[in-house]
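The chain below stands alone, shown as structure tokens; this is the form predicted on its own.
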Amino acid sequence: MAKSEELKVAFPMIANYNDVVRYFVEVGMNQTYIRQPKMTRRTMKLGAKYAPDMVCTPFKTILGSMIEALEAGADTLIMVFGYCRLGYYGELAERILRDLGYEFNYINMADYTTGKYKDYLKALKKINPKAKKIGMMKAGLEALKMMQNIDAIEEYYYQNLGFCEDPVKYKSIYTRFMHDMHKAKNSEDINEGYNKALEAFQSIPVHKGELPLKVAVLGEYFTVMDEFSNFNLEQDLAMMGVEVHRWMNVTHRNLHYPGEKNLHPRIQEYCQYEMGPTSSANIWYAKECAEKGFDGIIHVKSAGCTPEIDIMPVLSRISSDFKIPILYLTYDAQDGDAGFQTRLEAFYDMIEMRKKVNI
């Protein structure tokens, strides 16, 4: 495939999905992908320094990540879109970055989110006008397969880590899988990396007993999936000996989402109207896990996330109706996670004692 102009493309760091974008840009668009450094406190401080104070935390993280991508040599930024205020943040981020003196091409996906194929194609043509549709479609499908594999491996890892005989080896398998996705250049690499990781996981004995502690983690789309933003919540919880379940990921929410019309009948006693981009799904999932006898729920949100603030009274009703404890965690640009760790340990002690009493 030919390129009309050499671009160095970057995308903000979001959970473990950057290699999905990297794969599509390199294989489908024949352009160079710039991977910025893994997010650190510096990333958050950069974003918090230049972002408006009252903006929600994911914007600060994304802005900091974009600055680090430009520092790493990117000349083209792709801005994610969303169904909440995130849909408006693209323009704000661009203005801030240009005011800081950066020069770059900018593809704000919110400008092309019309639901029409031709408009998405316009966005992709800005990356490489000479890219062929068939090549983009093939790479797109392979990238989607990578994304589903990443979500499946994450689910498997966090549901079994706390009960396996060798957690260190388990972690190394997980890390190796992510490295394999980082290096993948074709569909064979994607499938081989997934199968190899799953086979390696299954070779390590897991001892859960009859009634393992089960906790559902739900909440705001970005923070609940991004381990940097939530201080490795799922890892810490799993290492305490908890089977961690999280429905919210891109595969479930964006590829196989049942839709508001299908979800609302299931939660009509709690919610009759659409409350936000992830609200119906989170209410449904909380009720679903409560009905299945989970031992607890952790609700994760960023500071200033209005839709997730709105569903907290609904979650409290579910907690009362099903006698299931809920821990509410709100994340902002904090410097440390000590307070979160203390609350998480106290929550674990409480659900563990309840489990022993109720058996």
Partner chain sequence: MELTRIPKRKIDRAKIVVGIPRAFLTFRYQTLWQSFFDALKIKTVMSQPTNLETMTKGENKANSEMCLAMKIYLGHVASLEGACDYVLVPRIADFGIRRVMCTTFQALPDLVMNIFRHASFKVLSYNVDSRLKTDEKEAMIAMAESLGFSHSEAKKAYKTAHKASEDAYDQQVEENEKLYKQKGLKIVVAGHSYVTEDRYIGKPIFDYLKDNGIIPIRADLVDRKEALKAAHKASPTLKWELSREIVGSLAMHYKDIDGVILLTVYPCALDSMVNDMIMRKNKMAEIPLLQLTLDAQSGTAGLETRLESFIDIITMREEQEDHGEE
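Just so it is clear, the structure is predicted and the values come from calculations on it, not from any experiment. Positions refer to the first chain, counted from 1.
The following text describes the form predicted in complex with its partner chain, which does not appear among the structures shown.
Though its partner chain is absent from this view, in the model of the complex it lies within 4.5 Å of a heavy atom of just one residue from Asn108, Thr76, Thr251, Gln235, which is Asn108. Taking a 4.5 Å heavy atom cutoff to its partner chain in the model of the complex, the contact residue among Cys271, Leu124, Leu213, Ala139 is Cys271. Of the candidate stretches 151 to 159, 179 to 187, 112 to 120, 217 to 225, only 112 to 120 contains residues with a heavy atom within 4.5 Å of its partner chain in the model of the complex. Using a 4.5 Å cutoff between non-hydrogen atoms, Glu192 does not count as a contact of its partner chain in the model of the complex. The closest heavy atom approach of Gly87 to its partner chain in the model of the complex falls within 4.5 Å.
Under a 4.5 angstroms non-hydrogen atom cutoff, its partner chain in the model of the complex lacks Phe104 among its neighbouring residues. The closest non-hydrogen atom of Asp99 lies within 4.5 Å of its partner chain in the model of the complex. Contacts between 44 to 69 and its partner chain, taken as any heavy atom within 4.5 Å in the model of the complex, involve Tyr50, Pro52, Met54, Val55, Phe59.
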